[in-house]
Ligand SMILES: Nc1ncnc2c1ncn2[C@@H]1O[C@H](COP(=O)(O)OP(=O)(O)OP(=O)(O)O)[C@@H](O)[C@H]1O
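The chain below stands alone, shown as structure tokens; this is the form predicted on its own.
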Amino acid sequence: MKSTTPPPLHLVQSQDLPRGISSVRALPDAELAALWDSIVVEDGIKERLLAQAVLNYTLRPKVARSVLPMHGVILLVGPPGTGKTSLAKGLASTVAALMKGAKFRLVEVDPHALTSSAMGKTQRAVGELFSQSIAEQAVNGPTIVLLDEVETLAADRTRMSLEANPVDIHRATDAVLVQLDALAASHPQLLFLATSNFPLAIDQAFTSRCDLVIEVPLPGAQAARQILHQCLRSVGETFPSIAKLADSRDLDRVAEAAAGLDGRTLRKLIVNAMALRKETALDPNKLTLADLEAAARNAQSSRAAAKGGHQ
């Protein structure tokens, strides 16, 4: 007789899930745990995130919301490329690993799948996502929901013109706020991790519901050095001469030149440095710290030009 027991949950893709949910993943997850370890941020950020997330599961189920009005929402804000989404995913896995004995799951929301040009449909889709789809996941046990680009779901209504923006977008924000309140009351084992590159575009009523709003800044010189060292060591497993650069004291000079570049750009510096000369393109082992410093200065110039073009 064929068993009807569903297979263990590892990663369920969007084609098998309700509208607005792109994936559901069992936690802890080794791949996501590796993200948590690989992202380099300023001292204290990971500790604050982890402590707040754990508190959601140790405190909220035991203390009435009338005493401590926690909503189970953590918001990460900062420039693109600083690792907010990776941090959020890694945080979810790390929390699940700490809270032993409970079967956690990570639900990833695709906000762009909810928008519609038809009047009322965006608001309805947002309401159904929270009140039905997310609530149904939360019934199954401790659930962490990733709301990437949360400003698309909770846009600042004070900055929107009813002439330029469909009234449905205003109502969608209303729906998010109403459902957050309802879920906070009924599902204390539910935690939302939200991210945004544009915090000023988020409705203040959403921000006020967040238990923690934390900025993930661009890396300074120390963080840039850690990221470069990490990447050089990894590439050095294939090209041994590059590994030696990671331990050079002169890497500090490169880090100073690269300070302020986002993490994604910092990781690409090694490739960009190799592409400066045909010799290093043919043999990456010939990469030098001077190449890296030149690539960092090029990246800074491009960043400055891009900022000037947006002013």
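Because the structure is predicted, anything quoted here is derived from the model rather than measured. Quick note: we count residues from 1 along the sequence shown, nothing fancier.
The protein also exists as the form predicted together with the ligand; that form is not presented, and the subsequent description refers to it.
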query: Per-stretch contact check against the ligand in the predicted bound form, the hit in 199 to 207, 99 to 107, 83 to 91, 128 to 136 (non-hydrogen atom, 4.5 angstroms); finding: 83 to 91
query: Contacting member of I270, L276, I39, L32, with respect to the ligand in the predicted bound form [4.5 Å, heavy atom]; finding: I39
query: Complete contact of P79, I227 and G263 with the ligand in the predicted bound form (any heavy atom, 4.5 Å); finding: yes
